[in-house]
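In the form predicted on its own, a lone chain appears below as structure tokens.
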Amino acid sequence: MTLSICLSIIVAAAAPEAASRESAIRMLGSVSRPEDAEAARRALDAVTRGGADGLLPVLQGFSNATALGTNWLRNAFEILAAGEQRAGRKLPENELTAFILETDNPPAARRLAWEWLVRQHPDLKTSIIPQLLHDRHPDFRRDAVALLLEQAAAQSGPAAVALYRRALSGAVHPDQVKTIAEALAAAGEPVRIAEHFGFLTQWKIVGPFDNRDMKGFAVPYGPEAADGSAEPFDADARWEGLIGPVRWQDISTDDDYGLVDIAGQIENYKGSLMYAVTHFGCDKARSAELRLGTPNAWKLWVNGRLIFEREEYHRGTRMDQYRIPVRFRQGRNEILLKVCQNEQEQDWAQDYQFQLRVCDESGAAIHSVQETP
């Protein structure tokens, strides 16, 4: 049965209002195609008839919503909330506050509820936001850190340092971390920024291999298996490279943002590619994010399995440019990265580098529990 037919049944049925609304919310959250817009509009009408009673059910509907469905649910919540405000009625503060503080609720729904609630009660910033310093949602963390920075700026000596240290514990945004690091450095307490963000700074690297005419991206050289997986790391392996025999060599970085500069530390071999490997230890199986920044084409494997790739050259680079969900196993996990350079000679095409870090969904660092080789 199509979404349109299902929604017609829901809207027209003589079911109780709450049950009809609940079904319409589910349907609204399941929208996945632009072609479903007309049906979604009818579901939106069904959802937004009931006033404030629909606010929490709509927020709860975010849990299993598609990307398009999330947009429709956001629209429904804003229609309901705006309607309450136009009528001179207050949004349900206690219920929305409880929803916001329950960290298992969908992050986007919690943030949406907060944005509307704080318009009604600006003073809630000082009571709710401090509780969210280590929240799953980076915007809540940012708000909490900003509040602590305001407090720290009004203090001096040990009191200011303590506030900056507390702010650092929740900071995940580079501009805030930079501000905190400068303040703590001035107080004689330098911050290890790369460690704070969880950048992987110790690697082994091998190459160059042939990438002339950009053909090497698809070619499985030594560390890469013919079936697209990665070979287990072998420190003694030797291969024939672009300019002769190659073997693994150590490479590390002391850059604050974990930048491994292949061109600066080894050589910018035009029309080449390199493989870099490191290991990450976990005391238990867990989910995480690998966040990569590079201007080069690349492939990424974890424990031999290819998890993402992108064949694009010199379109810019930034911290956390790519976010790749990953599931680590307990113990030692092997991370292999293939970085490809093309043959362009323009100044802006000379960068041959990468930065990679491990963090949770909020951007807070996850650290290895064992020493990197």
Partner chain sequence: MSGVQSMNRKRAAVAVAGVLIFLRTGSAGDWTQFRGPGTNSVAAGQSLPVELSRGAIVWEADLPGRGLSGPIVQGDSVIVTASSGYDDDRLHILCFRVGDGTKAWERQFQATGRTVTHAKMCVATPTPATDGERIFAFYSSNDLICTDLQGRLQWYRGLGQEYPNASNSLGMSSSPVVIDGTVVVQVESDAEAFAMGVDAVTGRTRWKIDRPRRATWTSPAILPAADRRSAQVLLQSSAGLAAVDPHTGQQQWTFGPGASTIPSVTVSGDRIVVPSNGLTVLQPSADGTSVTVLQKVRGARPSTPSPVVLGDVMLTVNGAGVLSANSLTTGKRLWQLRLRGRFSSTPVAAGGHLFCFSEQGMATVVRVTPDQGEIVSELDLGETILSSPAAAGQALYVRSDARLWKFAESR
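The structure displayed is predicted, hence computed values, not measured ones. Residue numbers count along the first chain shown, from 1.
The protein also exists as the form predicted in complex with the partner chain; that form is not presented, and the subsequent description refers to it.
Colleague: Given that the partner chain is left out here, which of I324, L56, L306, L68 has a heavy atom within 4.5 Å of it in the predicted complex?
Modeller: For this set of options, the contacting one is L68.
Colleague: Pick from K270, R247, R74, H134: which residue has any heavy atom within 4.5 angstroms of the partner chain in the predicted complex?
Modeller: Of the candidates K270, R247, R74, H134, R74 is the one lying within 4.5 Å of the partner chain in the predicted complex.
Colleague: In the predicted complex, do E195, D227 and L300 all put a heavy atom within 4.5 Å of the partner chain?
Modeller: The answer is no: none of the three residues contacts the partner (heavy atom, 4.5 Å cut-off).
Colleague: Would R111 count as touching the partner chain in the predicted complex under a 4.5 Å heavy atom rule?
Modeller: Although the partner chain is absent here, R111 would touch it in the predicted complex, with heavy atoms inside 4.5 Å.
Colleague: R41 versus the partner chain, in the predicted complex: is there a non-hydrogen atom within 4.5 Å?
Modeller: Judged by the heavy-atom cut-off of 4.5 Å, R41 is in contact with the partner chain in the predicted complex.
Colleague: Please run the contact check for R310 against the partner chain in the predicted complex: heavy atoms, 4.5 angstroms, yes or no?
Modeller: Residue-level check for R310: yes, a contact with the partner chain.
Colleague: Taking any heavy atom pair closer than or equal to 4.5 Å as contact, tell me whether R318 reaches the partner chain in the predicted complex.
Modeller: Yes, contact at 4.5 Å.
Colleague: Using a 4.5 Å cut-off on any heavy atom, which residues of 164 to 184 would contact the partner chain in the predicted complex?
Modeller: In sequence order, H173, P174, D175 come within 4.5 Å of the partner.
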